[in-house]
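Take a look at this single chain in C-alpha cells; it is the form predicted on its own.
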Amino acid sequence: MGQAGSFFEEVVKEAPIISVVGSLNVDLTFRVPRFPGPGETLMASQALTAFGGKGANQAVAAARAGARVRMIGCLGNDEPGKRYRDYLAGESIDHAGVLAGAGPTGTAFITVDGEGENTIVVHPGANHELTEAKMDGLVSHFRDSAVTLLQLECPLDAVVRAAGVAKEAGATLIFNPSPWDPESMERNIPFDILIVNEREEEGLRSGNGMACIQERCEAIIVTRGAQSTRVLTEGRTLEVEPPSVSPVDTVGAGDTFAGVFALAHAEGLGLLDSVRMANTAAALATLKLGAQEAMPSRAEIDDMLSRTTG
C-alpha cells in the first residue's frame, strides 16, 4: 500500500490521454419503490432524462478525475446526438472520434428501487453502427494514449479491432466486458487489466478460463459494491475496502470505478492505490441520483481519500 500522501503530491506534468471506445446513450431513469413484476404497473416518484452509455460514462468519470479523454463511438444524426456532442465538449472531452450514424442515438431505460439498486434495458441504436471497418479510420484517435478503455455495448468485432489498434499504438488496454458476453473471452483481446463485477466473474469461472486469463494479463479486478474489491494478480488475491456510504443510486458506480481506475493507472499509481482511488470515486457516485450527474470531481475524490486513507 502506498503512503496516503502519494495521492496528493503536486507534480507538474501533463495529464495523461485516455481513449475510450464505447457506447453513448440517452438514459431515461425512473425511481420506483421496488422493481415491478411481470404485467405490473408501478408509479415512479421521480423521472430523469440524462446522458449515459457505459463508454461515455467511463469517459466522463476519467475526465472529471483529471484525464485528457478522447471518446470514440457513434451517435445518431439527430437532436439528442447533437446535444450529446455539445455536452461532451462541455466536459472537455475530445469527440472528434464520435461518428454520426444513420440510426437514432441509443437509449437506456433504467429503474432504481428504494435500496438504490437498478435494472437497465438498452436499445443500442447508432452504437451498433460502430463497425470494424470504421475503426480502421479512427487510428489517429489512439496515438499517444496512455490507456485505452473498452466495454461491450458496441459490436464485438469493433471492440476487438479497437483493442488491436490500441496495442499497436502502445497503450495499456483496460477491458470491462460489460454487459457480459462469453464470446469476448474467446477472441484473444490483448487486454492488460480486466475489470468485472461479481456476476461477470461468475461467467469467467463457468467458462473455465479464469486461470488462463490470469496468466495473460497483469490483473483481474472484481468490483463487489459495498464489499471489498478483489484484485487477482501474480497468483495472489488481494482485497481493497471501499469507503462506507449510504447509497442513493448505484447507476454508473461501476463505470465511475473503471474511468477513475484508468486515470489513476495512467498517472502511475500502483495497482492497489489505483483501486483505492477508484473505490472512493465509485462510492461518491452512489450518493446522488443518476450516472454522469453523480460522478465526482478530482477535488471531491482527493478530499474523501484524505479523510479515509490512513
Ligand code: RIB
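These figures come from a predicted structure and were not determined experimentally. Start at 1 and count along the sequence shown; that's the residue number.
Beyond what is shown, the protein has a form predicted together with ligand RIB; the following relates to that form.
Worksheet item: Ok, Ile110, Ile193, Met135, Leu152: which has a heavy atom sitting within 4.5 Å of ligand RIB in the model of the complex?
Response: Here the answer is residue option Ile110.
Worksheet entry | Heavy atom within 4.5 Å of ligand RIB in the model of the complex - the one residue of Cys217, Ala169, Val222, Ile120 that qualifies | Going through each option in turn, the one that passes is Ile120.
Discussion item. Within 4.5 Å, heavy atoms only, one stretch in 270 to 278, 62 to 70, 33 to 41, 47 to 55 touches ligand RIB in the model of the complex. Which?
Written reply: Of the options given, it is 47 to 55.
Worksheet item: Can you check whether Ser19 is within 4.5 Å of ligand RIB in the model of the complex, heavy atom basis?
Response: The answer is no: Ser19 has no heavy atom within 4.5 Å of ligand RIB.
Discussion item. Please determine whether Val251 contacts ligand RIB in the model of the complex, using a 4.5 Å cut-off between heavy atoms.
Written reply: Although ligand RIB is absent here, Val251 would touch it in the model of the complex, with heavy atoms inside 4.5 Å.
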